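Form predicted alone, single chain, as structure tokens, below.
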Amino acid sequence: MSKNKNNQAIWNTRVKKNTSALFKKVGSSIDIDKRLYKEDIMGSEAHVEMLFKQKIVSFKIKNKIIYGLKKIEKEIAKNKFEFNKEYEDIHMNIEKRLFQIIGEDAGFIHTARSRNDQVITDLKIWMKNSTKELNSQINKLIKSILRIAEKNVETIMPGFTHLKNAQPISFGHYLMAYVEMFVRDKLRFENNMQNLYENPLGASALAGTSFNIDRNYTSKKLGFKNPTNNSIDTVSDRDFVLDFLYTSSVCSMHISRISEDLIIWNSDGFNLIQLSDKIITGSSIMPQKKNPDLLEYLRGKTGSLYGNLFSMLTILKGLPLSYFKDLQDDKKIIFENFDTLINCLKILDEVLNNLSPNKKRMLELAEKGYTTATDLADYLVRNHSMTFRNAYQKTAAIINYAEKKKKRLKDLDIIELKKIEPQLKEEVMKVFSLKNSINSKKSYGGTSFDNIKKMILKYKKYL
């Protein structure tokens, strides 16, 4: 096809001077938004089908445009499409190629729409699919955690507050805490889908269109539930982007927290877990080192996702209605966010499947720090009609004595205990058993072995 006006920027009939090279460089987004080519073509096909249905374009023109779009999609899929920065973005690159394939009839494709509603339509379709992909990966991660938890229901470890030994718990119970977090992440992503099911197509530049379009038709064709209600809000709204970025940040924070725990536990000071050589690195100078670099990578990437959220919040905070060039950065932020989070979820899943608990060390550490002290206080309340505060003071006195004698609670004999609390009998010694302590926590959500097994079964059914 010979060179014509449609090989130039679309606004060249209005803007007489050539765009500066610098503006062309910063104004072009094709390197980023070419990722939306499938969604853009899908939206264009639905749009032109609607234009034909509403008798705005003829059957012949509709078919020519659909033919051209399908050819372009194949070219891009086979890496035979030449993306041109002169045409700024994916929308104009596709439109310009359409002119080359079918001629002047390609000009009908942009009837009753704008790039403003076009780009949001593309982005929402992409985000729906990406959100489903993230939730699928979260599901996989939860399954891995459940599998490890099921193997470690009766693995005893210390539970920590302030990184100090607090009470004995099951390692399986600890892992199930992260199941709760990732399930909430999954629900947040699912809730975000509600705003992604509103169809922007047809809002046009900002005011709607005078053409007799059918937005319900395009909504159905593109998998949306209904059209958006206000054309101005449609082209200027990025709440759905913020929802996605916020949820990603919270999910990444959970990944960072479990990574931090595992980094600490893998340290020589704790030595509660071992990491397979598959997921560690060495040192360039210290031959003995085995470093948990992947976990540190996960912890560090949380900062990037937080940064993306605050970047978008900052872009939007002083933006008048309706569309402005500032919003062009939303796609770069979202794509980077998605790529980082999906990668982190996969890495964490691999790490979890390549670690093993040091059960002997866990039990040994749980024996330290008087972790059954609360059990003794509870025992005094139940069996000797003490207020909890009185029982607390008696227990503290016993711990002070044990600490002075450099003994564990279970190593004290009944005679020593009676010196502090005469009412105590031999049966109190059962209270100091770590296993008994754990299994006594039968309240809903507690660490008893039976509770954990029920929760594992509950989430297996949920998945």
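Worth saying up front: this structure is predicted, and the values here are computed from it rather than measured. Numbers for residues come from their place in the sequence shown, where the first is 1.
Form predicted in complex with arginine (ARG): not shown, discussed below.
Heavy atoms of residue 155 never reach within 4.5 Å of arginine (ARG) in the predicted complex, leaving it off the interface.
Residue 33 belongs to the set of residues with a heavy atom inside 4.5 Å of arginine (ARG) in the predicted complex. A residue is said to contact a partner when one of its heavy atoms sits within 4.5 Å of a partner heavy atom; residue 119 meets this definition for arginine (ARG) in the predicted complex. Among heavy atoms of residue 88, some come within 4.5 Å of arginine (ARG) in the predicted complex.
Partner contact region in the predicted complex: 108-116, out of 139-147, 108-116, 125-133, 312-320, criterion any non-hydrogen atom within 4.5 Å of arginine (ARG).
For the options 328, 291, 393, 271, the one in contact with arginine (ARG) in the predicted complex, meaning a heavy atom within 4.5 Å, is 328.
This chain appears without its partner; in the predicted complex, the one residue of 29, 54, 433, 63 with a heavy atom within 4.5 Å of arginine (ARG) is 29.
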